[in-house]
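Presented as structure tokens, the chain that follows is alone, the form predicted alone.
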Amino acid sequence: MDTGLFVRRSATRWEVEPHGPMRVPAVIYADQALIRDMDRKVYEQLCNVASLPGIVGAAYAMPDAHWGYGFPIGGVAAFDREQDGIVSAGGVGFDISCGVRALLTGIDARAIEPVKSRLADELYRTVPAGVGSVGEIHLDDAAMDAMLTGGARWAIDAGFGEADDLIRLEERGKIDGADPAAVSARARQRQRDEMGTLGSGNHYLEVQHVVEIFDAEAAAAFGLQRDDIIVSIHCGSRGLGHQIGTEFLKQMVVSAAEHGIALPDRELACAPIRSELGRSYLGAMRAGMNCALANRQIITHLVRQVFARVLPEAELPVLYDVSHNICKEEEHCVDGCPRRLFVHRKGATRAYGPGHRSLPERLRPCGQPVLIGGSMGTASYVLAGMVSSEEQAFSSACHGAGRAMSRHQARRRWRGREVVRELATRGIQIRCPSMRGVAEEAPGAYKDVAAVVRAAEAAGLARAVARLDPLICIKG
């Protein structure tokens, strides 16, 4: 992308001043190399977001930003209900509440090596993965309603985990304001047999090795030590979330004109927060968030069962669970005054800094864990939120590496079996039902996650705590 499109405010802050229909600036956090490698579509989409009614501050993009549906992936925008602000299904995405959960194990890498292949096989057999994958849980109507309102708390009450897990989950594992009645019969049907499944695409279940500590104090608070084994779960709300996004996008496109909203792009379909459609979407989306939290909780239970068979000395408490495809009502300080805002984070992660009252007491002095997923075969990172992130982007940070090429381009360049063989030579075991899926998710199809993390830290969005290298990756 041409850097001449921006005014460079600092080494990592690139700004587009309001022009045309833009109501606020558009800001991208990235170093020069990252922004040059971004598609111009990121610029166009971010300027379009900056033109939406009720937007506050600026439209932001994280260092891993790339072209998405409506909003760029890595996009952040906050809207004020009191200023006729909107909620956008495109600003949340189709995989509602896709996120990452990290589990500690209390064991080190030496314990994994003798059983690595068996552990990979057992995880692959136990946690369903891939397009259309289904689990052993079937939800009737009553159970579906309970899950959509209860989230991870419902899953724990159903026997999938422990009450202590909730302490380390965003919103303690349950999003208030969910409205199961706003979730269609089709969305429910798609989810009846999908609980406890990974899905496909960039979702994964990884066994990872802590290879570097950057912040000893935060690492100790998070329970991380060099050579520790960590398990990361990256997935979302599966078919239910996709169906909710699909249906409400169609409704929002049709209703935009009657609400006096001129859409710069149909993919930015939205509705006023105060409108009946806006309230209905928020209720359905929050139900989707609870679905994702319940899904990751069930997978956590399945992972624990596998480790109990293969490495019974492992304990697997939750380090943290945070989502990155959401719209949440939060309090933020704008021009010195607290305001209730509806913050859209599409491919971006909440990153509260030290002292934030919503954080568990043990984590509060160091800030919120920010879980950054790498691409298959590359490092993941644990970051910590910073106080400066509040001012920079409504306490938001990046969520991963971000794609550098499309899935189609990746398939043309790599063959799945070749990728699996190459990673095996590096000691990384891959299990996946689709070699096509492996090719699409080849490490080279993504940006350099280390560069993304460095840019996020330099911008004051979050600071690096630890680097995790993969040992086993279960892909959909």
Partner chain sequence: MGVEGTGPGIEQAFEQAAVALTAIVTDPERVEPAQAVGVLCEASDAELLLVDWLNAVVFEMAARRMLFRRFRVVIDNHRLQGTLWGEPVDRSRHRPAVEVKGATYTELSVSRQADGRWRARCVVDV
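Residue numbers count along the first chain shown, from 1. This is a predicted model, so every value here is computed, not measured.
There is also a form predicted together with its partner chain; it is not shown, and the following applies to it.
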Going by heavy atoms within 4.5 Å, which of 335-343, 215-223, 350-358, 125-133 lines up against its partner chain in the predicted bound form?
125-133
Heavy atom within 4.5 Å of its partner chain in the predicted bound form: which of Thr105, Ser232, Ser200, Thr149?
Ser200
Which one of Gln189, Ser388, Gln83, Ser280 is close to its partner chain in the predicted bound form, taking close to mean a heavy atom within 4.5 Å?
Gln189
Is Gly476 close enough to touch its partner chain in the predicted bound form, meaning at least one heavy atom pair within 4.5 Å?
yes
Report whether the minimum heavy atom distance between Tyr320 and its partner chain in the predicted bound form is within 4.5 Å.
no
Since only the chain is shown here, I'm wondering whether Arg266 would be in contact with its partner chain in the predicted bound form (any heavy atom pair within 4.5 Å).
yes
Could you tell me if Leu249 has a non-hydrogen atom within 4.5 Å of its partner chain in the predicted bound form?
yes
Can you confirm whether Lys41, Asp193 and Val253, the three residues that make up this candidate site, all sit within 4.5 Å of its partner chain in the predicted bound form, judged by heavy atoms?
yes
Along 96-111, which positions have a non-hydrogen atom within 4.5 Å of its partner chain in the predicted bound form?
none
